[in-house]
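Read the single chain below, which is given as structure tokens and is the form predicted on its own.
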Amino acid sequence: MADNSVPSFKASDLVIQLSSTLKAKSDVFTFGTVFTDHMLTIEWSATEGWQAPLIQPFGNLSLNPACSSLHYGIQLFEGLKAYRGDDNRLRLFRPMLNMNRMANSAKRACLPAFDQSELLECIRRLVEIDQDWVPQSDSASVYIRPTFISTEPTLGVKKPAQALLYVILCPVGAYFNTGGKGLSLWADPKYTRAWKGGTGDCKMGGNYGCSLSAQYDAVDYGCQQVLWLYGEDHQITEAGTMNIFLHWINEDGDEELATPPLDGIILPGVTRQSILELTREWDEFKVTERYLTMSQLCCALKQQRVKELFGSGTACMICPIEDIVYQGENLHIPCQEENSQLTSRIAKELTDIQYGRTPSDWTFLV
């Protein structure tokens, strides 16, 4: 339902300009490099407010070299997917969670508010127009990337008076190519992904750009991703761009699925929230949001209390973690074949919902 208290663009005002030439589609592509035929753009200014949404042929943006998003990182983004079900219907997975998170990020970035329901309807129309790009495959989908940037041409550090919200789509397959193995992580407290009072709970580009140096250090140590630590006690926070879950027998002897709490430095992932809700509904073991440290993990590994460690996210879905390089030691994490089937069970239940095999109010039909 639209929130009429928020000055916003309206999906009913949407203008559609279809491309005269459609691109050839390929089944072979690298994640995030091939884009569909159309995009959504919505302009805003402090003087005129939101303009009518426009779906137009995919193309380059024209930006003033002084626009403050380029100089000061006043921008944010989101990520969700469209899935083609066995019934050939297209579905989005819990898209209002993404819309709400985007609105929270916009508030933190001092970008203008918008009606999340109106944006979702504009995105639905865009996906509908480019629906032929959504693969008929359990291992592929179309990734939806809403982006919100300041376009004000000024070198002054201030709240933007001009902005652009746009959405692009790209067909995607698997995010990681691990050959069926779990990920290897490099854990070193010299780098910090986010901190208390910062923007770690917002989906802003600066959180990711500043992670690249650590990512390449991880590769130098023979690992694929970074395990981000925080504080003097080396709290486990996130793995690469994923939320992280530990399935173990905890200190009290209880079987537990644990993930770090949303304390301002953790991104509130949609897949993360779905895993928590799903496993709590099972009521088969403890499911908690709690602080976890490397010393706790190392102790549990030595005592063989760890069942699985895995990451979660929209791009990767569920990704088992097999090794961690920490303080000169290679810590081997039991993988699902050796111990538990939890990751594969969670992945199956979520994908069954996403592709429509299991009816659920978590899906939004296009």
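Start at 1 and count along the sequence shown; that's the residue number. Being a predicted model, the structure only gives us computed values, none of them experimental.
The same protein also has a form predicted together with a further copy of the same chain, omitted here; what follows describes it.
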Check, residue by residue, if Phe9, Met99 and Thr363 all come within 4.5 Å of a further copy of the same chain in the model of the complex, counting heavy atoms only.
no
Partner absent here, but in the model of the complex, which of 282 to 290, 155 to 163, 87 to 95, 253 to 261 has residues with a heavy atom within 4.5 Å of a further copy of the same chain?
155 to 163
Students should find that, of Gln235, Thr199, Gln116, Ser274, the residue having a non-hydrogen atom no more than 4.5 angstroms from a further copy of the same chain in the model of the complex is Thr199
Can you pick out, from Val226, Leu267, Ile149, Leu183, the residue that has a heavy atom within 4.5 Å of a further copy of the same chain in the model of the complex?
Ile149
With the partner left out here, check for me: in the model of the complex, does some heavy atom of Gly32 sit within 4.5 Å of a further copy of the same chain?
yes
is_contact(Gly209, a further copy of the same chain) in the model of the complex, heavy atom dist at most 4.5 Å
yes
Spell out, yes or no, whether the shortest heavy atom distance between Ala46 and a further copy of the same chain in the model of the complex is within 4.5 Å.
no
Answer for Gly173 alone: is it within 4.5 Å of a further copy of the same chain in the model of the complex, judged on heavy atom distances?
no
For the stretch 64 to 82, return the residues whose heavy atoms include at least one within 4.5 Å of a further copy of the same chain in the model of the complex, in the order they occur.
Asn64, Pro65, Ala66, Ser69, Leu70, His71, Tyr72, Gly73, Ile74, Gln75, Phe77
